[in-house]
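What follows is one chain in structure tokens, specifically the form predicted alone.
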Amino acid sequence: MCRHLAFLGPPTPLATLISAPEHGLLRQSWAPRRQRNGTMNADGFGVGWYAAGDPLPARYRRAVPMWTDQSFADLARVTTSTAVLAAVRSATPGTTPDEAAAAPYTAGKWLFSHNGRIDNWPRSAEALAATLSPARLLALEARVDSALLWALVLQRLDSHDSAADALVRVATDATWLSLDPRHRWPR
């Protein structure tokens, strides 16, 4: 199971949030507590943040374990933000191992991260994928369950749902998918 960090507050260095705490995200990447699946979160990582005066988020993602990336250690030491979203990845079986699979995902002003998995990926997600426009489906950043869920959220945002409503609707649809073995849910 991936691990995530979300922060809203005064300007704070990324290192103070991610690598300095005793049980921060860096430590959770190689020594997670209460891990249900796998033993580490070594399948990549990502950090998204908002820089002062810029409405669009910056993002740094890698397909390597966080503890191996010395460039990120330097970046985190000197970069401050009032809003951060970060994740370390434990890949769902059957998903791609590349950098594009690491959260957070972004579109315009939005950052998105998802914890969990769609069981029996990708077959079980066919009904959800069928609700996407062909263009949105072809534009998926990566062949992973989180990217599919992000595309579904974006489609709802484009339909003028509020962010809260878009997230609730996609979470509800994904939950029904996991509960119904025939992959049918109320619409």
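The first residue of the sequence shown is number 1, and the count goes up from there. None of the values given here were measured: they were computed from a predicted structure.
Omitted here: the form predicted together with glutamine. The next part is about that form.
**Q** State yes or no: in the predicted bound form, is some non-hydrogen atom of Ser29 no more than 4.5 angstroms from a non-hydrogen atom of glutamine?
**A** Flag for Ser29 set to no.
**Q** Can you tell me if Val144 lies within 4.5 angstroms of glutamine in the predicted bound form, counting non-hydrogen atoms only?
**A** It does: once glutamine is placed as it appears in the predicted bound form, Val144 has a heavy atom within 4.5 Å of it.
**Q** Going by a heavy atom distance of 4.5 Å, is Asn115 a contact of glutamine in the predicted bound form?
**A** It does: once glutamine is placed as it appears in the predicted bound form, Asn115 has a heavy atom within 4.5 Å of it.
**Q** Under a 4.5 Å heavy atom criterion, is Thr95 part of the interface with glutamine in the predicted bound form?
**A** Yes.
**Q** Partner absent here, but in the predicted bound form, which of 64-72, 51-59, 115-123, 154-162 has residues with a heavy atom within 4.5 Å of glutamine?
**A** Single hit among the candidates: 115-123.
**Q** Could you pull out the residues of 52-69 that have any heavy atom within 4.5 Å of glutamine in the predicted bound form?
**A** Result: empty, none.
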